[in-house]
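Coming up is one lone chain in structure tokens, specifically the form predicted on its own.
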Amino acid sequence: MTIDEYILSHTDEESELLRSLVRDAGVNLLRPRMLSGHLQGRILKMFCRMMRPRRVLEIGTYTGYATLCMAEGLEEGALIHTVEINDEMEDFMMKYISRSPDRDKIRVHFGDAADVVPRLGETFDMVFIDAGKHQYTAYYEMVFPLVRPGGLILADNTLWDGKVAEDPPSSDKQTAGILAFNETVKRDERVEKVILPLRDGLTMLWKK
């Protein structure tokens, strides 16, 4: 048994709905590894249990896996606004969101987050950024004023398959975007921050 297998064997299981989603993604999507997966999904749920957020923002829905995990951890009356730029994912994600017992906690928006988020008129307790890596800094600057003091911002893929510790070619806009974001939040004294070496890196930022 590997250490990863041991960890998962001692972590709460996914629901059958989530297992079905993972199987479906593995067969029908080009990049199924982009979804959060079992361990990160349970961690996102646990963050919601601990933070007890009333309003959550997710930038980058993809399959809806992380959305469903966070919704599991929300109390009644809480709400996730999730934004996905690729409307071709609608049929896939809604097939699972519509079957979830937590579907009433989820509002899906299609479009560019830069256009959608300002129109929501919400203040958020928790934000999960998991969309175009070259835009991470722009997303961060956009959502920061919308997060309450004491709120949590999470950013996924901030180790970017280890490329952040290398010297990427100038053509690699995704790695450049992650590097710029990591340096931006490193210097930002308005937040306390830590990178968790979980999967592809998960940065936690607590707004002072």
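In case it trips you up, residue 1 is the first one in the sequence shown, and so on. Treat the numbers as computed from the prediction; the structure is a model and nothing was measured.
What follows is about the form predicted in complex with a small molecule, which we do not show.
K.L.:
Counting non-hydrogen atoms within 4.5 angstroms of the small molecule in the model of the complex, say which of 159, 35, 154, 143 makes the cut.
P.N.:
Selected residue: 35.
K.L.:
Using a 4.5 Å heavy atom cut-off, which residue among 131, 126, 106, 74 comes into contact with the small molecule in the model of the complex?
P.N.:
After the contact test, the surviving option is 131.
K.L.:
Should residue 85 be counted as a contact of the small molecule in the model of the complex, where contact means heavy atoms within 4.5 Å?
P.N.:
Yes, contact at 4.5 Å.
K.L.:
Can you check whether residue 53 is within 4.5 Å of the small molecule in the model of the complex, heavy atom basis?
P.N.:
Because no heavy atom of residue 53 falls inside 4.5 Å of the small molecule in the model of the complex, the answer is no.
K.L.:
Taking the small molecule as it sits in the model of the complex, is residue 80 in contact with it (heavy atom to heavy atom, 4.5 Å or less)?
P.N.:
Output for residue 80 is no: heavy atoms all beyond 4.5 Å of the small molecule.
K.L.:
Contact between residue 66 and the small molecule in the model of the complex at 4.5 Å, heavy atoms?
P.N.:
Looking in the model of the complex, residue contacts with the small molecule include residue 66, since a heavy atom lies within 4.5 Å.
K.L.:
Kindly confirm or deny that 164, 182 and 201 each have some heavy atom within 4.5 angstroms of the small molecule in the model of the complex.
P.N.:
The answer is no; none of 164, 182 and 201 reaches the small molecule.
K.L.:
Pick from 22 to 30, 171 to 179, 58 to 66, 45 to 53: which stretch has non-hydrogen atoms within 4.5 Å of the small molecule in the model of the complex?
P.N.:
In the other structure, the partner sits against 58 to 66.
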